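So this first bit is one chain, no partners, the form predicted on its own, shown in structure tokens.
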């Protein structure tokens, strides 16, 4: 019985009978989103648009949004626990890179296994781009519907760059040019931390995606080779770790302490907001969700002072596929709890929220790069320009069930270097040993 109907029944004390719909159900939805907090626009969209419209079309269903305000890793841990015990929300937001490990761990089932063959008849599949469709696909089966994809770049404080005498049309073409800009800013603002490259365990996948990957791709390498084997020793890994060492240990161009604290990512956001940091490697998420007016880390006069540049390769032409500039894309979506006792209603809600009308309602609240090709980005020059420029350059994480565990080792490796605990060579040796233990020697390769 739905909460609303239960309240009605309890309120009619003394009544001999209460007429209730025969199939009233509660449907629970979870996302890392809080109105007025993290991913506020997502929570607002679900609460104010999706739920009212869905309940109007399905009067026997009561939908409740659970607004989760913790870190991504905390939600992942909670979902793993819930799914392993048959508990948890019926529909939940989910990062696509987690799907292989959840599936192999018996914690997630494909949509058609949960809700039946009708899933395959959904008209929306044809409207998903090939790249976005792959975000929630594993071994030929869909485990969720992607909400959108993203790209990564260097966000800039144009006002601070100007103070340091850096041209308005500045676009670094190498790591050294990026470092030189940070040095110029440090020279005029000695107490600042001009450059932020995410590192450490506390930032979780944000370290791996926004920091490590963006640097590593600039060396011409990825986390795995062309055969899908994890690279555990290479010049690219050493070059990436030495970049971290230069920024955080040798020249103090970045906020070393922030990389080691539980709230380090929020501290990096605050540093950018306050002008302490002028060059921050992040996804387009940072622009659309972190710095808008009214948010905790809103940048005053954002569209005048916040800009972006492409992340350069170590040197021109040295990037992955011989590129001069690099980026990487991920994406989130929503999945069904494999143990939901309302699979038909859960699928109805999941597909409903991904129809054009609802996604366009989301775009009206917060423009973003959508998964569907028939939903445009409205009135957002920043997102239009970055997506058109960077999507042709992008790559993606390996669709491997061991990736999540390997990513954790990448975070430990960067933290060991940034903290000064280990040299790049020592940290890489530790990484090699840990990853080999995770995936087996046959699934690793050394390039040195």
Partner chain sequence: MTTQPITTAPKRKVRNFALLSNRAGAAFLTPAGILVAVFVIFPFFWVIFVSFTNRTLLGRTALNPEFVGLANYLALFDPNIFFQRGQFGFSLILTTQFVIASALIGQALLGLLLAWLIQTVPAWVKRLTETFVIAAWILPEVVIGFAWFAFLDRDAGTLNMMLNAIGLPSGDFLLESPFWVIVVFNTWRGAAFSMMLFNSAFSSIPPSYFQAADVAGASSWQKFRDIAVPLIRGHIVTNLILITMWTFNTFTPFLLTNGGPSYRTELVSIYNYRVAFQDFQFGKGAAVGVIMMLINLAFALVYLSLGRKKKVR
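From a predicted model like this one, the values you see are computed outputs, not experimental measurements. Positions refer to the first chain, counted from 1.
One more form of this protein, predicted together with its partner chain, exists but is not displayed; see below.
S.K.: Tell me, please, which stretch of 320-328, 337-345, 184-192, 258-266 lies within 4.5 angstroms of its partner chain in the model of the complex when heavy atoms are compared?
M.R.: Stretch 258-266 is the one.
S.K.: With its partner chain left out of view, choose which of 84, 358, 242, 129 has a non-hydrogen atom within 4.5 angstroms of it in the model of the complex.
M.R.: So the residue touching its partner chain in the model of the complex, by this definition, is 84.
S.K.: So which of 165, 106, 378, 316 gets a non-hydrogen atom within 4.5 Å of its partner chain in the model of the complex?
M.R.: It is 106 that has a heavy atom within 4.5 Å of the partner.
S.K.: Looking in the model of the complex, any heavy atom of residue 62 within 4.5 Å of its partner chain?
M.R.: Residue 62: no, not in contact with its partner chain in the model of the complex.
S.K.: Although its partner chain is absent from this view, report whether residue 24 comes within 4.5 Å of it in the model of the complex, heavy atoms only.
M.R.: Flag for residue 24 set to no.
S.K.: Taking the shortest heavy atom distance, is residue 421 within 4.5 Å of its partner chain in the model of the complex?
M.R.: Yes - in the model of the complex, heavy atoms of residue 421 and its partner chain come within 4.5 Å of each other.
S.K.: Please check if residue 69 has a heavy atom lying within 4.5 Å of any heavy atom of its partner chain in the model of the complex.
M.R.: Although its partner chain is absent here, residue 69 would stay clear of it in the model of the complex, with no heavy atoms inside 4.5 Å.
S.K.: Going by heavy atoms, what in 426-440 lies within 4.5 angstroms of its partner chain in the model of the complex?
M.R.: Those in contact are 430, 433, 438.
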